[in-house]
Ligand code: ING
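The data below hold one chain only, encoded as structure tokens and taken in the form predicted alone.
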Amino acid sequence: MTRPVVVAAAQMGPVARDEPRPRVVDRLIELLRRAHRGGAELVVFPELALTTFFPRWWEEDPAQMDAWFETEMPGPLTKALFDEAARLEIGFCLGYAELTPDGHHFNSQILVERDATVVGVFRKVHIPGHAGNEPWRPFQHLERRYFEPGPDGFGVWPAFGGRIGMMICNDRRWPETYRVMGLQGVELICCGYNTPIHYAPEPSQDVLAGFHNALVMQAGAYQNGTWVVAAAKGGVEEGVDSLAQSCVIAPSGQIVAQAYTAADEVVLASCDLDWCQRYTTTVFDFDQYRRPELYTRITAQRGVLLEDVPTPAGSGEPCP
């Protein structure tokens, strides 16, 4: 028995600061059409796909950044994408900046079925970067100034014949992201990201950007028996070099398809959702093997508490 779903990671190259949204939507529609020609049923677009990565700029008054946000989805400018998706009978997952009617600012992702109905909205949980002005950086990463953490956690939705989850960029680095969805029987996770290759707080990590990107998603896929479809906005955007390497990862942890450019590119793969059970009913049979009574520290504690570390046996002295 098989449940194949053909997916596409729709990678984007740079979006310029002055690139009009209608032109960006045209690019998304072209990627959608290319994915459709390849047989895709679900297309995953990057994080903040509609604009340049605006958190790299400091603005004294954050309200001046509201022009980068969408107040409705679909809206007048994005309706064409929804209309074309419905015509082609292809679903998609789109990352965008969301300004809610009651004034909340989220880094969001929407999942849309093949008939253009909205399945669910996810708001980024793990907000990276900083909130204050740090002009010493070659570019800033002000997500914590312009976005609130998503309040809803990690949901899983029935769609595309399976159980679909979502995460955005930094969420992919945290094992809890995958496990919370894994405990809901997730079978495919959609992820969009914008990842600068230069990490100003610790530049020694720059050379490992691609390795770390793949490492966390491959581990999360394998340890939770799920497919992961990850779409980047890569290339040099407004002087900042961002990681491409969009990919599709199997429940085995193997990368089955990957982008080979840093430009607009469609990465296709057929994902058999039944393959998840080869892992969730064996080595990662949660019901049989998990010991949640021993994991309470994960949700009861936020940071490291050194005073709770026991004295090593035979040391004779407590840890400093």
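All residue numbers are counted from 1 along the displayed sequence. Quantities reported herein were computed from a predicted structural model and do not represent experimental measurements.
One more form of this protein, predicted in complex with this ligand, exists but is not displayed; see below.
Open item on the list: Please tell me whether any heavy atom belonging to Ser242 falls inside 4.5 Å of a heavy atom of this ligand, as the geometry stands in the model of the complex.
Closed with: Because no heavy atom of Ser242 falls inside 4.5 Å of this ligand in the model of the complex, the answer is no.
Task: this ligand contact at Glu143 in the model of the complex, heavy atom, 4.5 Å - done: Output for Glu143 is yes: heavy atoms within 4.5 Å of this ligand.
TODO: Answer with yes or no whether Arg123 is in contact with this ligand in the model of the complex, where contact means some heavy atom within 4.5 Å.
DONE: Answer no; every heavy atom of Arg123 is more than 4.5 Å from this ligand in the model of the complex.
Open item on the list: With a cut-off of 4.5 Å between heavy atoms, is His105 one of the residues that contacts this ligand in the model of the complex?
Closed with: No, His105 stays farther than 4.5 Å from this ligand in the model of the complex.
Task: Contact check for Gln218, Gly253 and Phe284 against this ligand in the model of the complex, heavy atom at 4.5 Å - done: No, the candidate spot makes no contact with this ligand.
Open item on the list: By the heavy atom within 4.5 Å rule, which residue out of Gly185, Pro74, Gly155, Pro128 makes contact with this ligand in the model of the complex?
Closed with: None of the others qualify; the residue that does is Pro128.
Task: in the model of the complex, the one of Asn224, Gln109, Ser246, Asn194 near this ligand [non-hydrogen atom within 4.5 angstroms] - done: Contact check passes for Asn194.
- [ ] Among 114 to 122, 233 to 241, 165 to 173, 85 to 93, mark the stretch whose residues have heavy atoms within 4.5 Å of this ligand in the model of the complex.
- [x] After filtering at 4.5 Å, what remains is 165 to 173.
Open item on the list: Heavy atom within 4.5 Å of this ligand in the model of the complex: which residues of 42 to 81 meet that condition, in order?
Closed with: Stretch hits, in order: Glu47, Phe53.
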